[in-house]
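Just the one chain here, the form predicted alone, laid out as structure tokens.
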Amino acid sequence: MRIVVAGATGAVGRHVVVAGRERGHEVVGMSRSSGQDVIAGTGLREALAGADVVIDVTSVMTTSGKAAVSFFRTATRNLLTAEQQAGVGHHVALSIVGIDGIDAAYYAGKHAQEREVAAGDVPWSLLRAAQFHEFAEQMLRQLSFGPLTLAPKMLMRPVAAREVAAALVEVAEAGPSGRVPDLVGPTEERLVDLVRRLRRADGRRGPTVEMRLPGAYGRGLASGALRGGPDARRGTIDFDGWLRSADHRRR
């Protein structure tokens, strides 16, 4: 099977490329660095020639709901249009568990993406996954001020990006299935605890302080909704196992 990965150089995309090839598929990665731009719509149709399925793991770093909606709506429409023109028969999208009541900030963009996929003409599958273990690294980079690191109040069941990637390849192999079972990690966690453990593992000193973010976005993070439901599939790699793995690069 020929799999095209949109967002192939990102946190999940690089694992999707490896997982697909390990399962014997021909995998083509798409990114701006290889000449494809999902926002401008350039280079897509050529990259999709002969593809059986597209796995979309594109993302954008923003907490602006307007920017997130614009990105995901535009990227999804451009991908679906190019897929239809190229005769691709399956579109696989990745979203986030528990966002139904959080139509704000980044999650507003994921809602927009889900609506575009469901309304499109390309047969589709949608996997919702929990936040990745790598999310703690993002918080450490974005919310560190000298020796101090801030961590939003967040209840979660973090999952390894590697396991999410493997699940996406399985979804691609199964054919269009609509919404598939959610995927979460094996343990209940608080984001502040993950950041503290990450700092210790990396030999960093200084305090990590939990803060409650305002508005619908902050309420959603703190509510526990983003842990997913009781019927979600559970991954096997916990945060401490991920810290010890090659997937975590000590900084």
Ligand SMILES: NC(=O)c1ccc[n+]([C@@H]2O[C@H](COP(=O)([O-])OP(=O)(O)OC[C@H]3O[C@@H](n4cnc5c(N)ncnc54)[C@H](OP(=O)(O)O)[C@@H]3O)[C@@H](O)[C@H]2O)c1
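Just so you know, these numbers come straight off a predicted model, no measurement behind them. Residue positions are given as counts along the sequence shown, with the first one as 1.
Beyond the structure shown, there is the form predicted in complex with this ligand, which is absent from this document and is the topic of what follows.
Stretch-level contact analysis of 32-40, 210-218, 193-201, 46-54 against this ligand in the predicted complex, using heavy atoms and a 4.5 Å limit, identifies 32-40. This chain appears without its partner; in the predicted complex, the one residue of Ile102, Ala112, Ile96, Ala151 with a heavy atom within 4.5 Å of this ligand is Ile96. At a distance threshold of 4.5 angstroms between non-hydrogen atoms, Thr76 is out of contact with this ligand in the predicted complex. Proximity of Val169 to this ligand in the predicted complex: non-hydrogen atoms within 4.5 Å are absent; the residue sits far from the partner.
Interface membership of Ala19, defined by any non-hydrogen atom within 4.5 Å of this ligand in the predicted complex, is ruled out. Interface residue remark: Ala232 is not counted as part of the site for this ligand in the predicted complex, having no heavy atom within 4.5 Å. For the marked spot (Gln84, Leu126 and Ser177), a heavy atom within 4.5 Å of this ligand in the predicted complex is absent from each of the three residues. In the predicted complex, Val57, Thr58, Ser59, Phe71, Phe72 are the residues of 55-85 with at least one heavy atom within 4.5 Å of this ligand, listed from first to last.
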